[in-house]
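Heads up, the chain below is alone and in the form predicted alone; it's given as structure tokens.
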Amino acid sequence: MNVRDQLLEAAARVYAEAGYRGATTRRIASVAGVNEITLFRQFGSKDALMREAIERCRQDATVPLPQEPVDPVRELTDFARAHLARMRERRSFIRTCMGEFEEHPEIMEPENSPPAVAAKALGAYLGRLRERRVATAEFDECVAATMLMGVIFADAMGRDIMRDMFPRDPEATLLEYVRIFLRGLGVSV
């Protein structure tokens, strides 16, 4: 891994643990195994480093849906499983971003966040299901996409802290989310 990548990975990790203020350049450089001067040579400022680290995390979170739906149960299960796994892996980072957003709104564009981008792609996929008459219920694609993304987000962020709310096996729960969702859209499951 090159120095730039080491710094980006360290910045994301330290930010998730300590927030913007706690993610000092000294601490990030130490975690990356380089000196602070190297950090500034690579990025110029802490703000530039943090923006790029957050952007990289955002880019790594893209999960595609097929242009031509064939098997909505499998396709949406795979989509939901991938998003859930990525959110679980990054839940500390996501929680920190949410907690820091009011104080540092410039760090992240909410409309380009992974859940927002995924919801747009999901809405388009749902529109294709409707066009092909696979989804027969009347629904708003944006609202439906927001609903599925919301439940995935709630599970990813809450399962470890609200265990009574998520008592079932994570995989069985995920399958049930998708089945209920598709039935609501009028898709035969």
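Quick caveat: nothing in here was measured; it's all calculated off a predicted structure. Think of the rigid core as the biggest set of C-alphas that the two forms share within 1.5 Å after superposition. We number the residues from 1 along the sequence you see.
Quick note: we don't show the form predicted together with another copy of the chain, though the next part is all about it.
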{"query": "Among 64 to 72, 49 to 57, 138 to 146, 28 to 36, the region lying within 4.5 Å of another copy of the chain in the predicted bound form by heavy atom distance", "finding": "138 to 146"}
{"query": "Another copy of the chain contact in the predicted bound form: T77, any heavy atom under 4.5 Å", "finding": "no"}
{"query": "Contact label in the predicted bound form: L185 to another copy of the chain, heavy atom within 4.5 Å", "finding": "yes"}
{"query": "Distance check, D160 to another copy of the chain in the predicted bound form, heavy atom within 4.5 Å", "finding": "yes"}
{"query": "Partner proximity in the predicted bound form: G44 to another copy of the chain, non-hydrogen atom cutoff 4.5 Å", "finding": "no"}
{"query": "Per-residue C-alpha change between the shown form and the other one, R13, threshold 2 Å, rigid core fit", "finding": "yes"}
{"query": "A23 C-alpha relocation of at least 2 Å between the shown form and the other one, rigid core basis", "finding": "yes"}
{"query": "Large Cα shift (2 Å or above) at E100 between the shown form and the other one, core-fitted", "finding": "yes"}
